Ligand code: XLS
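Read the single chain below, which is given as structure tokens and is the form predicted on its own.
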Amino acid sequence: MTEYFNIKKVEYEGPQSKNDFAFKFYNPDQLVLGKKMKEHLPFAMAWWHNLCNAGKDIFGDETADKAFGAEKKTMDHAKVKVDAGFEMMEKLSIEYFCFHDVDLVPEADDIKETNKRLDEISDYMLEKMKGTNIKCLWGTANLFGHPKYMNGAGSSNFADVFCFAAAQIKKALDLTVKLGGRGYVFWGGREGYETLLNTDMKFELDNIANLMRMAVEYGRKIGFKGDFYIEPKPKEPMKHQYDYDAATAIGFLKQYGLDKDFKLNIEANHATLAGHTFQHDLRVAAINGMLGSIDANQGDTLLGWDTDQFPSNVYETTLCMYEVLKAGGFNGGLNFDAKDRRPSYTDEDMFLGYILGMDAFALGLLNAAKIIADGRIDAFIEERYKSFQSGIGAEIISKKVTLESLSAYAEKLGAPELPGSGRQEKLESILNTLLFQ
């Protein structure tokens, strides 16, 4: 059997280790709040970045070699990508992968030929999965890359394009079920508009919802029992995308009656592009019962686009895992929708990126558990809203009041007291102490 990476299996060696190819914080079997770390952190490999992206950007050509010894855009190349991907996942103890349909095989001119290729490669993947712990986290269809999707898929102005999108979704759902996927994602990469001067917004939103409804009906018919996900993103490649952020996506799902089958796949870099923190979109999803899965990456605060970097910001990973733990966990996973920087082009860099991200989230999990065990932040929040536990506050919560009765109460008070300090600086100090003690 060909070995594609001259790297040994990556093991946990602890924070004192100087071995670049060892985990410093990710210890899969370590118990954290009664569960193994690997159960809290179901990591997944993103097929498109890890096995397909070779560093090409709008200003320059590829820097990395992702041919893996085969001729690109052939089925031989598709198969060696499977071999290389499974080798890498096993050496990193990653148990899940995520894919777009055209990540797996080169797209043919005829969709029937593309589907035959997908059948062939998925059979090959099933064989590779035997005897391993590797599973499919979620699948999706690439409805943004081909020129026909220049105006979107569900939002397209051309009915034939809508039909091709439906056909790709159908096949991607078939593959997801075949590979045992736990979820299916809609990322509306071009479901949006550049100008309202040529756009019927309501028509497009109705059509997107109709396409999603048909996907749910078909998925359930073929035995898909997992969650459907929307992955919010505010812009790029379109100037304005309809799934702008978590709140917008939830409103859309509820408006069209899709909220029973859909949850959200929250991506860190997408949340920050929307002007939110990663923690914000996670909280919005969680309080609406729609925290489904997570794309684990980060952006660059100095750049205004989706850089998809491997996560290294431990504040972000800590507050992410704090939200996950407070929500009682999630059914999805942590997919590394992340790529090495263009000058980091070697095979070793592929591994080092994942080690960085897995350690950052492991450290975030440990820190989040500390915050919960410490209890001071939770206790402060409870105390901050204490006035609603008795008296007029309790009456407000129990909905026993009217505007008239509240107005009369306020008139008796005369002048209001200040509501008490938010103590933000104190809480941030507590956070720092817990992270670095």
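The first residue of the shown sequence is 1; numbering continues from there. Predicted model only: the values in this text are computed from it and were never measured.
Although it is not shown, the form predicted together with this ligand is what the next lines describe.
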Report task. Answer yes or no: in the predicted complex, does this ligand come within 4.5 Å of a heavy atom in every one of 48, 138 and 233? Result -> yes
Report summary line: Students should find that, of 295, 281, 316, 340, the residue having a non-hydrogen atom no more than 4.5 angstroms from this ligand in the predicted complex is 295
Report task. Only one of 359, 306, 95, 204 comes within 4.5 Å of this ligand in the predicted complex by heavy atoms, so just point that one out. Result -> 306
Query raised in the report: Is there a non-hydrogen atom of residue 263 within 4.5 angstroms of a non-hydrogen atom of this ligand in the predicted complex?
Result: no
**Report entry** this ligand contact in the predicted complex: residue 267, any heavy atom under 4.5 Å
**Finding:** yes
Query - Contact test in the predicted complex: residue 149 vs this ligand, heavy atoms, 4.5 Å - result: no
Query raised in the report: If you check in the predicted complex, is residue 100 within 4.5 Å of this ligand, heavy atoms only?
Result: yes
Query raised in the report: Heavy atoms within 4.5 Å of this ligand in the predicted complex: which of the stretches 165-173, 225-233, 114-122, 208-216 has them?
Result: 225-233
